[in-house]
Each structure stands twice: as structure tokens, then as C-alpha cells.
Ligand SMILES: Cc1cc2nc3c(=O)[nH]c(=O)nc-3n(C[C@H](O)[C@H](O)[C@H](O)COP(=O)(O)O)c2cc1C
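The chain below stands alone, shown as C-alpha cells; this is the form predicted on its own.
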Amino acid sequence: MDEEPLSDISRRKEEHIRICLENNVVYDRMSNGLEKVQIRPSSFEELSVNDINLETKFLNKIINFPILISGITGGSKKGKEINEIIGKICQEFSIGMGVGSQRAAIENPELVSTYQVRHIASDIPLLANLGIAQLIDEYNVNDAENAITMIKADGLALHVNIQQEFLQSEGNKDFSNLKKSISQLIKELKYPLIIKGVGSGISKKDAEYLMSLDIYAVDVAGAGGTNWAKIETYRNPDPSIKLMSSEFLNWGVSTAESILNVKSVENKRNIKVIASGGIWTGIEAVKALLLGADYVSLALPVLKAINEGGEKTLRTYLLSYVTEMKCVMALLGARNLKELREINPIIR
């Protein structure tokens, strides 16, 4: 693939942000599936919200809540501003954070600072981010480790976004060496690796493959939240892309089903499960944890909160999110994540 001009990469980052804020970029023919998970509150649980402890560990660091802010952006002036707000709030809440794809910084070192947040988020688990398309086409383990060290991250999220690449005017259309590239990276990388989708979910077949790998975690990124196929149709000027069917653009495996697919496979390596894909409320987060996820991750509502009112609005949103989680757990009689996982939800 011909090298893309550096200015175009930064421009694409800005376009993604603008499109997410100005357009309907969520699935409109599929939900995250969590409405099918029924949980029954009790009016006689002798618990206070203050009794609820959601503390857990991610990448060998203690966090107050099993929540990650997924990789959103970087590689531009606007991306730098957003990452610094997210970093500050993640440090305040003691939750994990990922940055957006670091291709821009690898190809232009002047953009490295747009991803750096350690000066304001010294203690949190931090994930670097690269796409499988670049790993197949041009990058190697040195680039992956560079992405990690440039931001002092604790691990790498490798996002697999084949449908998005197919629809992106600059995208890679050849994934014939996908598994070979992943195997090579796992063999050579000295840091924990998370393999994540971008919102189309994990099939049973995919789950069996992923759970056979020597990786730290799988982020299921189920359908029902942000739809990157739709985002690329807004960007791509090709008239044939504009005519893609709604069925194709809304094609995927729901978040709930993706979690169940992963949990149905024997987990010999104790691979962690991150649930993302439209998990934008506290009660949805609790449902995802009940299905077997170890953590939940979110992005689009974070971006919208920052756009609406900066760090103040993001702080308010996350406070509401974790308060709702605690209220739900108190009404279920679960003091902590261990007790929560002993509850069996009804799945319709």
C-alpha cells in the first residue's frame, strides 16, 4: 500500500471526531442485546450504596472500577486536547484508558505528544493502540513496541477492523496474512497484548480462535454501539460506497451475544474479557459483568460529554455511570464483583 501523506492521517483523525459528533453513527437495526438480560431487584437487601466495592486489577494495576475508556483519538491538535481531558479524569476515577490508533505518531514523531498523558495520568493502566491493517502491510514488532514506549503504556491494544478498512477510501483491502501477522506479534512482543474489535462483535468461531492465543485480553466490541462502517460511508466520496445496504452496514454480532460466545469457550490461559459496544449506562455495565465480562469499555459518550462541556461534563457523566452501577449492585445484594458473579441473570 502506498504511504499516505502525513497531513492526510491527521485530517482523517479530525474527520472521525467531527462525524461522530455531527451524525448518527450508532447501529440503527441492532441493539447491544443487553435488554434481553433480565435482572430482578430486591427491596429487602440490607446494603448501602456506600457498601459497594468495585475495585479490581487490570494490567497488574489496581483500579477503582472495572471500567476502561477505549481508544478514541490522537494524531491531531483536537486529539491531544481530548486525550488530556480523558487522562485527567481517568486518573481521578482510577480507571483504565486507551489512546486512539498511533499510526500517525509512528509515521510523524512530531505527533507523539498528541497521545501522551502520563504527565497527568501517572498511575492508571494505559493502552497503546495499533491496527491490524498496518501490522499486515508495513509494521513489525519494533513499531508495536515503539507505540507502547512512546506513551509509557502498560500494554498494546491491537484493533481488528476489517469491515471498516474495506469501506475506507485509504483502507487495506487484503487481510490474507491476518492470523500469521498476529501470531508473529504474539511471539515477539514483550508486553501484554489485547485484541479488540471496533464494534461488529465476536462470533463463536472467532471466540474459539482468540481464546487459543497467548494474549492478555479480548475486547469483544459488539454490535449495538458505535458503527464504524457507517462512519466510513460518511467519509468515502465513492458513490458506490454511499449505496451500501443498511443490512450490510448494520451487520454484526451483538455485544451480549459476543460476551456469551467468548465465555462459552474453555479459557485455559485465563484471558480477560472486556465488554464494549454500546455499554453506555451503569445498569448495562452490570449486565455485561453478569454475563461474564471482567471489564467494560466505552468511547462515544465520552467524546460527546467532552464536546458538550469538557472535563466537567465528562466527570458528571462518569459519576452518574458508577453511581448507577453501585445502586444496581446494592439492589441485587452484591457487595463486590465476586458476589456479583454468583448471581445468575435470566437471558430471554
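Position 1 is the first residue in the sequence shown; the rest follow in order. Quantities reported herein were computed from a predicted structural model and do not represent experimental measurements.
This protein has a second form, the form predicted in complex with this ligand, left out of what is shown; the following refers to that one.
Option from 305-313, 291-299, 38-46, 51-59 whose residues, in the model of the complex, bring a heavy atom within 4.5 Å of this ligand: Careful reading of the contacts points to 291-299.
Is I259 close enough to touch this ligand in the model of the complex, meaning at least one heavy atom pair within 4.5 Å? Output for I259 is no: heavy atoms all beyond 4.5 Å of this ligand.
Could you confirm whether S101 comes within 4.5 Å of this ligand in the model of the complex, counting heavy atoms only? S101 belongs to the contact set for this ligand.
Consider I202 of the chain shown here, and say whether it contacts this ligand in the model of the complex, taking contact as heavy atoms within 4.5 Å. Answer no; every heavy atom of I202 is more than 4.5 Å from this ligand in the model of the complex.
Does this ligand get within 4.5 angstroms of any non-hydrogen atom of T114 in the model of the complex? T114 lies outside the contact set for this ligand.
With this ligand left out of view, choose which of G252, G75, G96, G197 has a non-hydrogen atom within 4.5 angstroms of it in the model of the complex. Contact check passes for G197.
Interface residues of 148-187 toward this ligand, as seen in the model of the complex [heavy atoms, 4.5 Å]: Going through 148-187 in order - heavy atoms within 4.5 Å of this ligand in the model of the complex - there is one hit, H159.
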